[in-house]
Structures are given as C-alpha cells and as structure tokens.
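Okay, so here's just one chain, in structure tokens, the form predicted on its own.
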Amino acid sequence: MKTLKTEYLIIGNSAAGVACIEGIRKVDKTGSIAVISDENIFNYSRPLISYFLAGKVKKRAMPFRDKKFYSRNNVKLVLGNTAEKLDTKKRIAYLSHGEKVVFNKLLIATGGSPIIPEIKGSRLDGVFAFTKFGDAVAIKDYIKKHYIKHAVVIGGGLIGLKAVEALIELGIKVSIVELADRILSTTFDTKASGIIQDALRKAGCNIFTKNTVAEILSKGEDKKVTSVTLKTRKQVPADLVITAIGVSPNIQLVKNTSISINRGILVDEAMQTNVKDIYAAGDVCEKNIPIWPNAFKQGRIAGENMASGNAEYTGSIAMNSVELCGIPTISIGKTSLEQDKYEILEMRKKEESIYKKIVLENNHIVGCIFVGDIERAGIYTGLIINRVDISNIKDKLLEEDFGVLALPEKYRKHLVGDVGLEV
C-alpha cells in the first residue's frame, strides 16, 4: 500500500479546502500540505455550474484559483480519489485507490451530499442531482444526446431555480414542483417569491406548489424518463428530471470514529472538532449556513489554527444573492418574520418588479429582502453585521438616494477607508 506522509491533510477541494490552504500558508510557509478530492477538476466555483450548463461559461472559466495555485503553495493535490476510512488515533486516512495518508493535522471539508427523494423511478436514465460540476457535465451531455423538450425540477429553492434558469436558456420547457406554498420559501417572503414566480411563468414555466412527485415514469422497456406523476395524480411530461430538494452534511467518513457528530460535524470557534488537531469547515459542519462565503471563511480560519494561529469564527448571517429571469435578488438575515416584535418596512414598484423589505428589531436591522434593485445591499448588510442603531434614520432607509451619507456620523467614520461602498 502506497503511503503519503504530510503535516497537513485537507479532505475536500472546494471553497473551504482552498481557503484552508491559504490560511495555513498565512502562518506556516513551509509545512507539507496534501489535498484529497473525489472530483477530477482541480477547482471550480460551484455557483457557476448553472452558467456552465446554460453555455454562458466555458470550463476554462470555472476555476476560482489558477492551476499553479497548488504548486505555488507547495501542495500535493490528489484528484479523483476518495477518503473512505479515517483512523483518528493513528492519524491515517485510507483512500479509495488503495493508498493511505499519514497526517499530523486534518481538515474535513467533504461538503454536503444531495438529498435524493425516495421516489419510484428515481433510478431511470435522465434523472440527475445538481450540486457538482460533474452533475452539470452529465446533464449537458444528456441534453446533447437526446431530444429534450420538457424537464421537471423537483425543488423550488436556490439550487433548483438555478437549474431552471439554465434549462430555460437552453429552450427547454420547465415544470417546477415545490412542497411549500411558494418557491424560495426559506429565503423570501410571499411578495418576493410572487415576483419571481410571475417572471418564471412569463418565461414559460409551470409551477406546482404544495405538491410532490409521486412517481417518475418511462415507456415500455425504455429506461429513459418520459413523465412524472404528482401526488395530485396529474401527469407532467419530462424528458429530464433534476432533484434539488437540498443537501445534507457528508459525514460518512467520520461515522464510527471518535469525532462528535449530530446532523453534521460539531466544531468549536476555532473550527476544531472534539479531537485535537482535527478540524472541519463548510457544509459538512453542524449548524452551518450552506453558502460559499461561509465555507471559505471557515476554511481560512481552520487553516490558520491548524498552523498554530489564533483565529476565531464568530458566526455569520444568512445571505443569498441570485439573478433569476433577469431580476437580481438578495436576502440577508431574518427575512420571513411577521411576529409582533418585528417592525417591517416595505416598498414595492410592481410595474418594475422592484420590492424592498427591511426587518427591524429594537431599532436594529435584522434582515432585508431586495428584488429588482440590489444596488445598496452592501450598506444594509453592514448595518446588520455591526448592529447599528438606526432610530434616527429609519424614515430614510427606503428612500431611493439612501447611501453612506445618510448613515449615523459615528458609523460613517468607522467606514472611512472601506472600498466598494455606494454613496
């Protein structure tokens, strides 16, 4: 059995893994680093996979770090190989190709696995998940090989709707099936969801809410999907089905080890597990908000601490930004709260598909939704993160010219020198 020895082992090569390399090198310039990835691409930006599917972005534009990043940082990169077993006492990771890696310090950044619903027919040809670059490649190839006219996307969240947008761009008629009463129900309120639903319908989409797929069907001996049956017994044509109902932390590697897990891996503020010198970051962690910036921040902090730094993860706020049907959107913090203790400020320009909502608690902004106009979203985000008292500017928050000059003087001075703030 071939053995690789390294000071630092990183299992996973997405945002958290790459950021961990940078975190380590910030503190330790020379210690050996090895990265294990079950994918065959040296790195890529996951938010871009829908643009790749739509043909808007080429494969060469997918990476967020260049190919020489690993050699510059003296990293041994092992692609297309999966860490299958972990011995936390002997500090050994066993790989799918028969090798083993002996390490001193470890980051587990295995991400999340798509939740595949237990639906009759889910193993038919033409049924895909949509979380990795390989999924986008497989879907793209399937569309090229077959005459795809209709697609069904199961799940009306962010992942599902990015798939929808790509399929619309390819001229495919799309039906969305969502269990909740509206699409984007976890990030948007009813009004914001309604704007996007109207735009999708104008683009030719069918939207079935409060519904699920009961069965995926094919014809005769053919194993290719041809339609789906909803729980309401309605049959919907489908030459292609994409399941996008969410992801769950990919904790298979740490099961039956001494590492503490619940739904995901449990970590402290240093991103360290209960086992000394073993860290975790990104979607594999418990109570993580599964967005790209969070994974990157956690990976960097873990890397610094693995190299004897003293960084601390203080948490983050939920934030999702996506453009659908040409409408830019962003949701920040607590957005779907209607209880008495919250004050809601709203502005709507229906004819322009513009909607703004600000959620206040005790004269502090705790959440925002912007649809159609997200130009000043960074300012509001700063107000949320810094817990700024907005009692003296509350009446200005939704004005069109609201900007840095409207902010409290003390907070403005705090922002001096920051880049990218809109005045």
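Numbering starts at 1 and follows the sequence shown. Computed from a prediction, not measured in an experiment: that's the story for all the values here.
Below, we refer to the form predicted in complex with a small molecule, which is not included among the displayed structures.
The stretch from 206-214, 98-106, 82-90, 181-189 that comes within 4.5 Å of the small molecule in the predicted bound form, counting heavy atoms only, is 82-90. Interface membership of residue 119, defined by any non-hydrogen atom within 4.5 Å of the small molecule in the predicted bound form, is ruled out. Taking the partner from the other structure, the small molecule in the predicted bound form has a heavy atom within 4.5 Å of a heavy atom of residue 46.
Contact between residue 291 and the small molecule in the predicted bound form is found at the 4.5 Å heavy atom cutoff. Although the partner is absent here, residue 16 lies within 4.5 Å of the small molecule in the predicted bound form, judged by heavy atoms. Of the listed positions (335, 131, 273, 197), a single one reaches within 4.5 angstroms of the small molecule by any non-hydrogen atom in the predicted bound form, namely 131. This chain is displayed alone, yet in the predicted bound form one of 389, 28, 39, 361 has a heavy atom within 4.5 Å of the small molecule; that residue is 39.
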